[in-house]
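Only one chain comes next, encoded as structure tokens, the form predicted alone.
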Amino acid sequence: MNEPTSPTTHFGFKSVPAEQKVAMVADVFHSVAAKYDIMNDVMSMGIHRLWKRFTIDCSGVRPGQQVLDLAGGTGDIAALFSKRVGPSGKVVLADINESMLNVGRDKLRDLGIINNIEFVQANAEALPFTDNSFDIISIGFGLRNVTDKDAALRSMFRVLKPGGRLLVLEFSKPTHDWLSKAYDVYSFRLLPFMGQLIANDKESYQYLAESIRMHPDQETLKQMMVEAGFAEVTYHNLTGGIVALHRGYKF
């Protein structure tokens, strides 16, 4: 009689047991945390800052609101939200990775942006918050690293207030063939090289390039959000679809 097989998932282009992915992704981000901001600026030529500002502008955030920034890492998005919600609001910066969370906490403290930010180590698939807690949830460049994306989206839906909005900023599928080909050359040749040169970590950036290709495309992610319960789901392509911002509401 055959032994039952464990469910598998992808880690980049590799197939791995699902229960091992969290630890494997954790190792990647423990490794890159210290150089994460520098690499973001180099990899995107600083354009990631424009993508994040566009996300905030599309959030409709208002003073006094409660915001959850998932996979908040080194705090770029949380810092922008912090200024918008003001002293009467709150931003919870949540990340599953302790190293990334520590870098974010230290960075925001150094910038003096700390009074209305709370730091929580949390798994997006099982958020440790009560139902209907947040006016806005954002997850920037983190959903593709989640093992069970459907469970994570359902968890986000649960903790979002009725009338609240989810924003998913993530790498996606370029809308033109020529751009897709150029992006492949950049991702699989230049990106690992820069990872080795700047962060002394070629393998982690090879994984990050592969994880982008394995992430659902724009329409697939839109449907996943609908199936998780979100309404009026739309997306906006940025930089030719290299990145997309998905938005959905809880009614």
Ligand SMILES: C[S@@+](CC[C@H](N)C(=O)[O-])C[C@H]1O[C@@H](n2cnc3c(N)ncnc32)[C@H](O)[C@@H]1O
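Just count from 1 along the sequence shown to find any residue number. Values in this document were obtained by computation on a predicted structure and should not be read as measured data.
If you look for the form predicted in complex with this ligand, you will not find it shown, but the lines that follow are about it.
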| query | Could you tell me if Ile96 has a non-hydrogen atom within 4.5 Å of this ligand in the predicted bound form? | reply | yes
| Heavy atom of Ser155 within 4.5 Å of this ligand in the predicted bound form | no
| request: Could you confirm whether Lys222 comes within 4.5 Å of this ligand in the predicted bound form, counting heavy atoms only? | output: no
| task | State yes or no: in the predicted bound form, is some non-hydrogen atom of Ile77 no more than 4.5 angstroms from a non-hydrogen atom of this ligand? | result | yes
| Ok, Asn102, Ser133, Asn116, Asn123: which has a heavy atom sitting within 4.5 Å of this ligand in the predicted bound form? | Asn123
| From the list Ser31, Ser187, Asn40, Gln218, which entry has a heavy atom within 4.5 Å of this ligand in the predicted bound form? | Asn40
| field | Per-stretch contact check against this ligand in the predicted bound form, the hit in 195-203, 179-187, 222-230, 66-74 (non-hydrogen atom, 4.5 angstroms) | value | 66-74
| Looking in the predicted bound form, is this ligand within 4.5 angstroms of a heavy atom from every one of Lys35, Trp51 and Ala209? | no
| message | Under the 4.5 Å heavy atom criterion, name the residues of 140-170 that approach this ligand in the predicted bound form, in sequence order. | response | Gly140, Phe141, Gly142, Arg144, Asn145, Val146
